[in-house]
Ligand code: ATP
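Take a look at this single chain, the form predicted alone, given in structure tokens.
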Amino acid sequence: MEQHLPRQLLELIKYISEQAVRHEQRVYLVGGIVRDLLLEDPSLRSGLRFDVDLVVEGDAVRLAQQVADTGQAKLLAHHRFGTAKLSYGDFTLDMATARKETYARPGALPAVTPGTLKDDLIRRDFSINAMAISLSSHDYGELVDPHQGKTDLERHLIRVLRTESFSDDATRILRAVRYEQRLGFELETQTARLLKRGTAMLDTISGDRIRHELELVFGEEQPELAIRRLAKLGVLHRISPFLKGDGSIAERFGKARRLKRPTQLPSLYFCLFIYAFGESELGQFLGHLNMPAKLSHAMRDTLRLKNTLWLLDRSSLKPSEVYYLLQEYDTLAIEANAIASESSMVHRYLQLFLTKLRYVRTSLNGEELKRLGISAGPEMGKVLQILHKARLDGEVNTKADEKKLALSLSLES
């Protein structure tokens, strides 16, 4: 902790622990940050942002309120769930009352009640995520590891804590593979058997929760690794029989990373993920996962454009023809097709649109055309379109050129 965590963050969590002691409560660092500290994960050294999870044996919301009252934090409290979020510039602390869970039925969200740290750790997904570090002064920095998570880290294993883990919550199947591929670990033998047996339990999970897990997969540095593994395990087929995790996915995802900024990648991955679908198959998939409207539109456009790419497979197209063939489609759909298309000519036209044509504008606007004697309405719309096409095709290059063309069109009319 002293080596990898920023001084301000260390001082903050120590202060929170001191406040807890005053009210006979205890605070622990838990979850992924404990795992990453033990792994000495290089991302901790970047220091760009730390999202830290704390578990409180006591009342997390009240403790968070007390801390927020004496500091500069923004507080977001959820009394019903016993959780609170403290935001400090580059730090976010999620504080939760220690709790235990029970599942009424497979796939249901758990019923949560206050509990101990022991209760809180056993409810977690894998041993490597079920460790805690004490922040109390008398045993500060002591690792709490009742499920041998540190040993599994050293053995490079992903291991569930209970035989019912995947049946209680089948989203853990996707998380197991995500961690396995991110860390370069393997599924522990019994965990692998339980995962394969539990794949059918994905049918008990809502589409929203499956979509969220896929979003997390697509947030990884190399999501194609998890996608390939999920395909091999039969998980993708369970989500949709039309999903594939073959080599083309890895190739396309790699190209996507060279084109897009990281924050925009997940949506482009989704468009590439469904590239082999038919439109009716896509409709079922979007409905099942309750995909947001904006992304649904981009994914539908991806397939619509794929089915009309033959129109671009001609060497004699003018830039204006390319523009008007593509301008109605979502940019993500065009990018996805530029990546996935096997035709070099089609790819060249799509890239021309993305890098140049979509930014072409006329220099003259409506007010300037009025001063040239062109009436507002259909006539002006027609002139603007002709000017735009001329700009796209390089037939006019300056504002003076546009004025000359506009005046000639006005005289003709």
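The model shown is predicted, which means the values in this text are computed figures rather than measured ones. Residue numbers here begin at 1 and follow the sequence given.
Separately, the form predicted in complex with this ligand exists; it is not shown, and the next lines address it.
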This ligand in the model of the complex: within 4.5 Å of a heavy atom of each of 221, 255 and 257? no
Heavy atom within 4.5 Å of this ligand in the model of the complex: which of 238, 182, 306, 150? 182
Under a 4.5 angstroms heavy atom criterion, identify the one residue in 171, 284, 206, 296 near this ligand in the model of the complex. 171
Using 4.5 Å between non-hydrogen atoms, is residue 32 touching this ligand in the model of the complex? yes
Taking this ligand as it sits in the model of the complex, is residue 51 near enough to touch it, meaning that at least one heavy atom pair lies within 4.5 angstroms? yes
Is residue 211 near this ligand? Define near as a heavy atom within 4.5 Å, in the model of the complex. no
So, residue 288 and this ligand: in the model of the complex, are they within 4.5 Å at any heavy atom pair? no
Pick from 275-283, 318-326, 117-125, 67-75: which stretch has a heavy atom within 4.5 Å of this ligand in the model of the complex? 117-125
